[in-house]
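Given as structure tokens, the chain that follows is alone and in the form predicted alone.
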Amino acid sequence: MATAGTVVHNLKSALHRMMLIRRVEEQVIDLATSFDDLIRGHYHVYIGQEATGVGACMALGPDDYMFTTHRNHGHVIARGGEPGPVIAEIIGRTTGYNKGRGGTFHVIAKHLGVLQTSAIVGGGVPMAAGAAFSARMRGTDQVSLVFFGDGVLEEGAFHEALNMSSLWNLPLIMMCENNSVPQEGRRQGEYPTSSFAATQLADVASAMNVEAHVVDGSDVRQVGELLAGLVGRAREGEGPFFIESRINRWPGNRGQFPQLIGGPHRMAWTWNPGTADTRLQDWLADSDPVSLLCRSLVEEGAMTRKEIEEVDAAARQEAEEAREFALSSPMPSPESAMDYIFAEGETR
């Protein structure tokens, strides 16, 4: 059983990782808006959902698999990815995790068990089920975790993977990040979702005899505790599991492109949300996972404001250094355009 000291240490580690995700994503938005054609096309960020990704990934072991979505930057960093190669990949540089060939939608880190990402709605769920099936066939205790949004439940691929995973008791954990939930419905009660007929998303999984849970996605403790138990059970052959993480979307994500309302996050907003832009105040007070964790750690006496601000300063420095690393890295040469297309060596 974890001691009080271990729990506090884990929460401090979680806070650092959550702050690092936020500061890196702020750099991504700045790179996209301050430079012409540095990030080509649309892109998505993970601001406001950090507690779900970090809480879930902290429960995984080093050999487990993780599959992600169009918001993959935050998931990869939550899994332990370094911000320099992440940003370098996003802007197409050779020092990126995929040598600049993946871009913003495909930051793949095989050494972390991130075998593939998919911006296609529902694209990651069958792959995660396949990885779980592989673990079962090979006799390992690996677990496969897949993140996806609530819109994925409208896709046939999700229902097929859900059905097969249930029939075969695969070690698969399906984490639905429902960021369409208003503040008053985040923890309980009925609420609207994007365009899905079911009132409670968890009911869909239950219909396939898959154990389903609902968690407050802004609370890293709830997410971490739930996932720690489910990962252990999945290793013992009790999977699959479905989780609906209810999140009140960051206001900067409500437009077609992410917008840093009021600029990068200020720690003063954490302690006094009323000092922020009016569009952010309610979200900062009740839904921002970073602010909620910071305030709870101070209220409990686990950390002081100064200590928390030092954690944020370190995260900002890491993000700034990652930005400079990425910008100073070379683009792939035209001569290398055909590299890595075909597998090398003997095939069998």
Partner chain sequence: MREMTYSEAMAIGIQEALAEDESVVLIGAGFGGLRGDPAVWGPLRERFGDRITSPPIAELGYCGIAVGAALTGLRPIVAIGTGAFSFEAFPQIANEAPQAYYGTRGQVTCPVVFHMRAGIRGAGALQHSIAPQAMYWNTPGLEICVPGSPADVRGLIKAAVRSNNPTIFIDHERLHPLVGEVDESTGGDIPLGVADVKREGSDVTIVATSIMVPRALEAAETLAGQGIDAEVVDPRTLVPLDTEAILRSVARTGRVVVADETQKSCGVASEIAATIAEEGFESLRAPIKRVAIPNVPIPYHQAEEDYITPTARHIVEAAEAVCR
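Predicted model, so just to flag it, every value in this text is computed and none were measured. Residue numbers count along the first chain shown, from 1.
The same protein also has a form predicted in complex with the partner chain, omitted here; what follows describes it.
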{"item": "Of Ile247, Val86, Cys176, Ala129, the one that lies within 4.5 Å of the partner chain in the model of the complex (heavy atoms)", "value": "Ala129"}
{"item": "Contacting member of Glu154, Glu211, Glu225, Glu82, with respect to the partner chain in the model of the complex [4.5 Å, heavy atom]", "value": "Glu154"}
{"item": "Gly61 within 4.5 Å of the partner chain in the model of the complex, heavy atoms", "value": "no"}
{"item": "4.5 Å heavy atom contact, Ala268 and the partner chain in the model of the complex", "value": "no"}
{"item": "Partner contact for Met164 in the model of the complex: the partner chain, 4.5 angstroms, heavy atom", "value": "yes"}
{"item": "Touches the partner chain in the model of the complex: Ile90 (any heavy atom, 4.5 Å)", "value": "yes"}
{"item": "Heavy atom contact within 4.5 Å of the partner chain in the model of the complex, the stretch among 271 to 279, 119 to 127, 212 to 220, 228 to 236", "value": "119 to 127"}
{"item": "Residues within 4.5 Å of the partner chain in the model of the complex, restricted to 242 to 260 and counted by heavy atom", "value": "Gln256, Phe257"}
